[in-house]
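Here we start with a single chain on its own, the form predicted on its own, put down as structure tokens.
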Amino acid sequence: MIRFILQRLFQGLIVIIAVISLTFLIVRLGPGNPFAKEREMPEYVRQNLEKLYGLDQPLHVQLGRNLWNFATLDLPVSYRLKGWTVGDIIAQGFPVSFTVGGCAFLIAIGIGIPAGALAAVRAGQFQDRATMLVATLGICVPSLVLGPLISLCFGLKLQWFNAGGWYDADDWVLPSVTLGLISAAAVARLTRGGLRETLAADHIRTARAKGLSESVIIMRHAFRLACLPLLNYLGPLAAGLISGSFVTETVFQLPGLGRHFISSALHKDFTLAMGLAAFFAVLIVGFNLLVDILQAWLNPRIRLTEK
């Protein structure tokens, strides 16, 4: 177990370095510069700013300096948000994104798993067809459409919640429901597919022949294996939700990390773009490691040392 974890951590470190490097090269080699304003900047001013931030140095020197800063947790200053380091921006926006994304994740599994299990048990019946119809609609409707509809209904019409902003303790509800319902649709389809396949396996027929009740068969024998494909999806899903959604945070005017993902690329804020990409990569690596450990616990035939 320890050897496997160390191997995955080493692989994850390589992934994080690669993500930072690719993000730097993509943003750095693109057109424009981080100091562009509406008014034309004198050439000598631009050169002085590039010298101040080290942008006049070769690309490999800039990349190496930034990698060292991230490795030592000496996070650099944002080019666009003066006086703010990348760490300050993440610390300011992550609690909002974590609250919204964490609640959305709980909504997704709280609705999606029971709905998918019901559809699998009632395969071909009305419950199955109705659940899959709703799940398909949920997957097809983007947050750009669902978010404004939820905000209009529960925020402006019924006035149960604030239509936007981050002011009250319940401002997480509408954005979390938006993200949670969309994610629940995919969770339901994965749960249904995995459980249907497992219920048709030989060991399930053997358990039924022994006279075990259907609920015991599903919960004790079928669901442990059926949720393995679902776990592979839940890891990246959790990382994506808690790291912030640009569309949802824009619709509900939330001060989370999602808006910084796009603005850092548009404004050529190299340090912020690399910091956010590294932060997201760390979440992906961490959740994927957790998923592998859970899969080995649920299915003893999986040997962590063989991966």
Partner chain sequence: MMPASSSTSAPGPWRAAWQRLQRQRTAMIALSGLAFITLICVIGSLLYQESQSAQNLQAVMLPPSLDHWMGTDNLGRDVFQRVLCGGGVSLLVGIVATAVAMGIGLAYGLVSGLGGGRVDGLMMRIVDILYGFPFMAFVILLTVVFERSLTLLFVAIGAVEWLTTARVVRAQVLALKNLEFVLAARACGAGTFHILWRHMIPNVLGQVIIYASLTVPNIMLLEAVLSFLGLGVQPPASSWGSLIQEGAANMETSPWLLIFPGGFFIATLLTLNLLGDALRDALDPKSTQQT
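Residue numbers count along the first chain shown, from 1. These numbers were taken from a predicted model, which means no experiment stands behind them.
Just so you know, the form predicted in complex with the partner chain exists too; it's not on screen, but the next bit is about it.
Enquirer: Hey, in the predicted bound form, does Arg122 get a heavy atom within 4.5 angstroms of the partner chain?
Expert: Arg122: no contact with the partner chain in the predicted bound form.
Enquirer: Do Ile262 and the partner chain come within 4.5 Å of each other in the predicted bound form, heavy atoms counted?
Expert: Flag for Ile262 set to yes.
Enquirer: Would Leu156 sit within 4.5 Å of the partner chain in the predicted bound form, counting heavy atoms only?
Expert: The answer is yes: Leu156 has a heavy atom within 4.5 Å of the partner chain.
Enquirer: So, in the predicted bound form, is Leu22 in contact with the partner chain at a 4.5 angstroms heavy atom limit?
Expert: Contact with the partner chain, yes.
Enquirer: Within 4.5 Å, heavy atoms only, one stretch in 112-120, 222-230, 99-107, 134-142 touches the partner chain in the predicted bound form. Which?
Expert: It is the stretch 134-142.
Enquirer: Within 4.5 Å of the partner chain in the predicted bound form, which residues of 223-262 have a heavy atom? Give them in sequence order, or say none.
Expert: Those in contact are Phe246, Val247, Thr250, Val251, Phe261, Ile262.
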